[in-house]
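One chain is shown next in structure tokens, namely the form predicted alone.
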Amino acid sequence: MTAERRAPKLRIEGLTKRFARGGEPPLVVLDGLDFAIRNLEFVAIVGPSGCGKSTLLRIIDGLEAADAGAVYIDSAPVCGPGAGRAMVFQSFDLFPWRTALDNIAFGLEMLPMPAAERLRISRHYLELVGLHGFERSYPHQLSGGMQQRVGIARALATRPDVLLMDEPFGALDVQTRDLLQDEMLRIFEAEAKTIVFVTHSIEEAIYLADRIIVLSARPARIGMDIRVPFPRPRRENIKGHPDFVAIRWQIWNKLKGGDAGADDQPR
């Protein structure tokens, strides 16, 4: 591994988040989280429902402020939204009046670049996610899986260093989800991004990630930090490997001990 890959890209130090509740004591969601993510590392975050996984991503993206602690990217503190980060949400959040290609181009329209270059980049990422031929299709003409591909392409088109993904396949059927997991592996190999990926699926986390951080029930603390032992490129047959099964049950047993909810059963 090169020094570039070993260097921390993202650091979370003492991160705490509370939500006010009227006259009641504030609800502590994140409680003093500390971890670092190396450059070009794919890290999955799992934990019980309501433990603050999405809140953590929003703080990393600069969309919410922490009550204590800090987030650093390349040693610079995150103080709000900025270049170098992009988010993919579970809901597709596409503009219904824009075609697939125009949705992908949206983030580029904020940047000073010629229209021809914007078009070239948008077409490149549309083809990267396997949507060649659907340039002029509107969101209502696309399946859920295709809409999420547009969302991923839109995030990648801005060429972020850090890609944040909040249960991006959670709203999809099982077959589509499995197909997009394989697409995600292919894209990760092609694009070489630092990725923070929130998921409820333990199996998805093991299949995709280099490392898995398991959060406890609220207030969230780090319960486990697991290195995934499988080399890349990966194929679906690793899901039957004894180490895959062992890690899955290790995480599930930890979640059960942390009052995991029904949505967090192993899968």
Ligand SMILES: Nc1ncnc2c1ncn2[C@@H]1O[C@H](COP(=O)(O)OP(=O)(O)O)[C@@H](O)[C@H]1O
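So that there is no doubt, residue numbering starts at 1 and follows the sequence shown. If you're wondering where the values come from, they're calculated on a predicted model, not measured in any experiment.
Same protein, other form: the form predicted together with this ligand, not shown, and the subject of what follows.
Contact between residue 54 and this ligand in the model of the complex at 4.5 Å, heavy atoms? Answer yes; at least one heavy atom of residue 54 falls within 4.5 Å of this ligand in the model of the complex.
Spell out, yes or no, whether the shortest heavy atom distance between residue 32 and this ligand in the model of the complex is within 4.5 Å. Flag for residue 32 set to no.
Please determine whether residue 249 contacts this ligand in the model of the complex, using a 4.5 Å cut-off between heavy atoms. It does not: once this ligand is placed as it appears in the model of the complex, residue 249 has no heavy atom within 4.5 Å of it.
Determine whether any heavy atom of residue 27 comes within 4.5 Å of a heavy atom of this ligand in the model of the complex, and answer yes or no. So residue 27 counts as contacting this ligand.
Can you check 45 to 53, 205 to 213, 65 to 73, 227 to 235 and let me know which stretch has heavy atoms within 4.5 Å of this ligand in the model of the complex? Contact criterion met by 45 to 53 only.
Are there residues in 98 to 133 with a heavy atom within 4.5 Å of this ligand in the model of the complex, and which are they, in order? Not one residue comes within 4.5 Å of the partner.
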